[in-house]
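Take a look at this single chain, the form predicted on its own, given in structure tokens.
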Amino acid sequence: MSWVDSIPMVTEKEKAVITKAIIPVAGLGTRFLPVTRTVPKALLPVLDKPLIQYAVEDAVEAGITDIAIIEDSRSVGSYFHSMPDLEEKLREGGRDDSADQMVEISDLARITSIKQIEPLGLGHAILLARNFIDDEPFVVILPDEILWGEFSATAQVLDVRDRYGGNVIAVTETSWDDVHTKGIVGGPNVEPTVIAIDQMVEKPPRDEAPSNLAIIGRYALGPDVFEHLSKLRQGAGGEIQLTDAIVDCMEHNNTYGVIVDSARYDAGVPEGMFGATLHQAATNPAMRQMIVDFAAEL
């Protein structure tokens, strides 16, 4: 019997449409100092739009309507608040298009802000949103990972979940020389771009890595992950790890990895942020030519 033949039927609960997302943004953003002394990393711009907006738009394109932003003492969720005074001034100045853009940002989704006072890791951040999720399946989006493609990366993850159920994680092929810096998954293929995960290892040595498929920041998870998160003790770095809870879930719940069809930029580091900015600038013909001209001068 093949893996495909042994895949269980998708349950009614797993068929439920996912409408909620968690976007964790707490953190010091030390790689971007000094600007992150006062500006949250999630509000740093890629060209003319902050990281958090790209993440929210990725979620909304996948059908998400309600989003919990897990933030520290600095507010990120307020970026999506209505700003009638600003809209009025823009309209008075004849800038109706800009005013309409401000309204669109406020109307993207229903945003809930949840404070993470102690930096206890990604798993802890997710656990803080348990009441918000209210026993429903949900997605997790890490805004540091910018994924651009014809279709939302979150939508690609949800498509696999709709067909196979279980938990689904976005992955990408990485260099074998870099596997020791990533969370790596392994398992047999059920489709050319989908694997049934049976191994999940954090930063393995190259000769022990089950594959070169690295976890990237899009997850579709069932609510049972909260039970596992609540039982975990603080691990490496004094943090509660989401991957540990997902591994625990694998004992009774299939987990899949999907190689998303997207251009990827790690905006958690300045080099990735710079690459993402160039990517966006290059979509504008005038700016693309500016990039070529600047490169020639350099």
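Rigid core (definition): largest C-alpha set, two forms, superposition within 1.5 Å. Being a predicted model, the structure only gives us computed values, none of them experimental. In this text, residue numbers run from 1 along the sequence as written.
This next part talks about the form predicted in complex with a small molecule, which is not shown.
- Within 4.5 Å of some heavy atom of the small molecule in the predicted complex lies at least one heavy atom of Q241.
- The small molecule is not shown here, and in the predicted complex it never comes within 4.5 Å of any heavy atom of H81.
- In the predicted complex, L122 approaches the small molecule with a heavy atom inside 4.5 Å.
- Within this chain, E202 lines the site of the small molecule in the predicted complex, having a heavy atom no more than 4.5 Å away.
- Stretch 140 to 148 is the answer when you ask which of 224 to 232, 191 to 199, 95 to 103, 140 to 148 has residues with heavy atoms within 4.5 Å of the small molecule in the predicted complex.
- When the small molecule is considered in the predicted complex, only one residue from G166, G77, G187, G183 comes within 4.5 Å through any heavy atom, namely G183.
- Between the small molecule and the residues I215, A209, L158, L127, the one pair within 4.5 Å by heavy atoms in the predicted complex involves I215.
- After superposition on the rigid core, the Cα of P204 moves by 2 Å or more between the shown form and the other one.
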